[in-house]
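Heads up, the chain below is alone and in the form predicted alone; it's given as structure tokens.
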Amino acid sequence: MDIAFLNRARACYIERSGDLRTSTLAKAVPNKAKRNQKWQRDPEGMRLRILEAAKQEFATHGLAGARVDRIAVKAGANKRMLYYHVGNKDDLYLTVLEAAYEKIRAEERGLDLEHLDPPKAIARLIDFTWNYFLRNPEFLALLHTENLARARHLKRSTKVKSLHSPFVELIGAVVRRGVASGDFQVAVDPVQLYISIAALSFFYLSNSATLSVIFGRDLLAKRAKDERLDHMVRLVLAALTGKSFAVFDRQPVLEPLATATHIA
């Protein structure tokens, strides 16, 4: 074997490898610089993209199954950026959860309940809650995930309780107005009332697959969803007013809601 030949070949290989590494780095650095410039130009936009990607990831895979790598790729970021600006996986999950609550509370504030007759205000709240859950299935998925965790992450939040208090007070004011006007017979606890309204929607939607099989109905068909909304409005108003379920015709109660459902 020609030792000199081997040495020349080895030297040539090392030289070429160095050229390749240099070339690769030269290409990588501008790409990295471009990503950094993009982040620096619009840090809030990048943060929102991360939160949206994280919301979809957590809603689809749960907390345990979610992967930070996938979130970063979907957001067009990298893990270092994500950790620096949002935090670790648990911090990111809590931020997503808080944002989900902020979104529904913000839309609820736009319902103008304080300026409606009490029965119509409650009907509007039911209509909104039902349609919000339909439009935002990832919200239900996030709630399910956090309940499985026994609200471990939500307990760390400094925001969520303050978000709910004004809305509970608003519902309480509607109920008190209803009692004063004679529309409602009893001043029910606004927390219990809101939980009941949310539960009537949540259970139906979260269990629609099994319930459809058990009862032989497609519970997510348009007609079935319309009937469900009608049923919930009648049920809650019958409880509040003490009147018969049968006296509440859906159309007069919900007619003003045609645009309100999608106002936010």
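Quick caveat: nothing in here was measured; it's all calculated off a predicted structure. Numbering starts at 1 and follows the sequence shown.
Quick note: we don't show the form predicted together with a further copy of the same chain, though the next part is all about it.
Engineer: With a cut-off of 4.5 Å between heavy atoms, is M46 one of the residues that contacts a further copy of the same chain in the predicted bound form?
Structural biologist: Judged by the heavy-atom cut-off of 4.5 Å, M46 is well away from a further copy of the same chain in the predicted bound form.
Engineer: Would L134 sit within 4.5 Å of a further copy of the same chain in the predicted bound form, counting heavy atoms only?
Structural biologist: No, L134 sits far enough from a further copy of the same chain in the predicted bound form that none of its heavy atoms falls within 4.5 Å.
Engineer: Is the gap between A238 and a further copy of the same chain in the predicted bound form 4.5 Å or less for some heavy atom pair?
Structural biologist: Contact with a further copy of the same chain, yes.
Engineer: Is there a heavy atom of Q185 no more than 4.5 Å from a heavy atom of a further copy of the same chain in the predicted bound form?
Structural biologist: So Q185 counts as contacting a further copy of the same chain.
Engineer: So, N88, R109 and T158: all three within 4.5 Å of a further copy of the same chain in the predicted bound form by heavy atoms, or not?
Structural biologist: Not a single residue of the candidate spot has a heavy atom within 4.5 Å of a further copy of the same chain in the predicted bound form.
Engineer: Pick from 79 to 87, 140 to 148, 174 to 182, 110 to 118: which stretch has a heavy atom within 4.5 Å of a further copy of the same chain in the predicted bound form?
Structural biologist: Careful reading of the contacts points to 140 to 148.
Engineer: What residues, if any, in 80 to 118 have a non-hydrogen atom within 4.5 angstroms of a further copy of the same chain in the predicted bound form?
Structural biologist: In sequence order, Y101, R105 come within 4.5 Å of the partner.
Engineer: S165 and H144: do their C-alpha atoms lie closer or farther in the predicted bound form than in the form you see, with a change of 3 Å or more?
Structural biologist: Compared with the form shown here, the C-alpha atoms of S165 and H144 sit closer together in the predicted bound form, by 3 Å or more.
Engineer: Would one find the Cα atoms of S165 and L205 closer or farther in the predicted bound form than in this form, where their distance changes by 3 Å or more?
Structural biologist: It is closer: the C-alpha separation of S165 and L205 falls by at least 3 Å in the predicted bound form.
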